[in-house]
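Only one chain is included here, represented as structure tokens and corresponding to the form predicted on its own.
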């Protein structure tokens, strides 16, 4: 597509449809540029559609999809990303749900060091507290886990800085890294990572940094069999391979994001993962 590009009614309708589907401003912009639209024209079209929507809903806040969210910039179309200290390979990218599979995000040495640092601090995994009484054992998750404090060691600082560059999101907008160990037979039944606003206790949780908006799961080892990260709504299975990671985002706390996911049972060996949850604001 070249020459003088026009913003047509059909283009506006297409943008409106993408917004209704839950795609972010950044994702729509990348899709338009990839299809040949000039960046300035694409941005103008997006702004016009959003302005028209605001005019039609003057009494309503901006739709959540118009806000900034964590994103992995794939606009260059290259198979690898340089994160300042390491090359990471893009193995798969889905638009809806927004899922990006990454190869080699962590080195083998970093994976082993994280497992070693976590091992002595493992305890039966619990849910994030959703009631005033605190956390409770989650029967859907049969694993052992622990949390690293943000920046608690040189290793954690280095990994967190890399993740911030990868996802274009500040370190302080994320929870501490959680490490989980799944033994043979252990699993995590399908669930959503966002906090259900209708659930008792969610208001108190959201005061600590707002809603969760994205998840990054890093695989610290390769199980002998089983243990895939599954997305039932789209029939996607991500096999756990040491050093690889899967990113997915959810711009509203709603099943329409198609981010229902779980951990399939480990059939042989153990599975170790490190998970990073990203929040809307500063997590305290």
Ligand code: PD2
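Small disclaimer: the values here were computed from a predicted structure and weren't measured. Residue numbers count along the first chain shown, from 1.
Just so it is clear, the following notes concern the form predicted together with the ligand, a form of the same protein that is not shown.
Visitor: I need to confirm a contact call. Of 148, 169, 195, 188, which residue comes within 4.5 Å of the ligand in the predicted bound form, counting heavy atoms only?
Guide: Contact with the ligand in the predicted bound form is made by 188 alone.
Visitor: Since exactly one of 71, 178, 202, 211 fits, which has a heavy atom within 4.5 Å of the ligand in the predicted bound form?
Guide: Here the answer is residue option 178.
Visitor: Even though the ligand is not shown here, does it sit in the predicted bound form so that 98, 234 and 247 each have a heavy atom within 4.5 Å?
Guide: No residue of the spot touches the ligand in the predicted bound form.
Visitor: Determine which one of 151 to 159, 90 to 98, 178 to 186, 105 to 113 lies within 4.5 Å of the ligand in the predicted bound form, judging by heavy atom distances; exactly one does.
Guide: Stretch 178 to 186 is the one.
Visitor: Using a 4.5 angstroms cut-off on non-hydrogen atoms, would residue 11 count as touching the ligand in the predicted bound form?
Guide: So residue 11 does not count as contacting the ligand.
Visitor: If we define contact as a non-hydrogen atom of the residue within 4.5 angstroms of the partner, is residue 19 a contact of the ligand in the predicted bound form?
Guide: No, no contact at 4.5 Å.
Visitor: Decide whether residue 265 counts as a contact residue for the ligand in the predicted bound form under a heavy atom distance cut-off of 4.5 Å.
Guide: Contact with the ligand, no.
Visitor: So in the predicted bound form, does residue 277 come within 4.5 Å of the ligand, heavy atom to heavy atom?
Guide: Contact with the ligand, yes.
Visitor: Heavy atom within 4.5 Å of the ligand in the predicted bound form: which residues of 221 to 241 meet that condition, in order?
Guide: The stretch touches the partner through 229 alone.
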